[in-house]
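Both blocks below hold the same protein chain, though in two forms, and each is given as structure tokens: structure 1 and structure 2.
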Structure 1
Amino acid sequence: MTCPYLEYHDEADGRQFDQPRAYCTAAERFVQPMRADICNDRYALEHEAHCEIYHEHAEVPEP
């Protein structure tokens, strides 16, 4: 399951992008490319287990 706080934007901070880039709406900034793997639960990653931003905003207990 993709993180509910993840969106892809084609512009932000006054800059436009040819390809929409990962944007964390909880942190209100672009996520890092590696973190987008967590947002999207790629490989064996899970945002509920591995993303401290999700924990903070969802108020879920850390594993």
Structure 2
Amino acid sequence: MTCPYLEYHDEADGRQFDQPRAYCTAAERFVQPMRADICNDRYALEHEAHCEIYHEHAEVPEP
């Protein structure tokens, strides 16, 4: 399952990107590729277990 706060944007502030970039709507900022791996639950990472931003905004108990 992908984080519900993850979006991909292909432009921002009047700039167009070659590839869409991961954007966290909870933190209101673009995120680094490794953070996007957590958001997408890749490589045995899970946003519900490994993302502090998700926990701050989803109000779920810490694992």
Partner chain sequence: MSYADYLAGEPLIVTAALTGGVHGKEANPNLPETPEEIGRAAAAAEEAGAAVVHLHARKPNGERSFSTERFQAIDDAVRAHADNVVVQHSTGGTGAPAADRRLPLRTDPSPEMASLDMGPLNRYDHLTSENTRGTVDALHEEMRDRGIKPELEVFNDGHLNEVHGLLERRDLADPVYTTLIFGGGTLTRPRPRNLLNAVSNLPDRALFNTLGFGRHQLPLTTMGILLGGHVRVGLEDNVYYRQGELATSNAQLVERVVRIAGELEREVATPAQAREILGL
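So that the term is clear: the rigid core is the largest set of C-alpha atoms that superpose within 1.5 Å between two forms. Everything numeric in this text was worked out from a predicted model, so none of it was measured. Reference numbering: structure 1, starting with residue 1.
Between the two chain copies, the one drawn from the form predicted together with the partner chain is structure 1. When two forms of a protein are overlaid on their rigid core, residues whose CA moves 2 Å or more are considered shifted, and R42 is not one of them between structure 1 and structure 2. Positional change of E52 between structure 1 and structure 2 stays under 2 Å at the C-alpha, relative to the superposed core. With both forms fitted on their core, the C-alpha atom of R15 sits 2.4 Å from where it sits in the other form; this compares the forms between structure 1 and structure 2.
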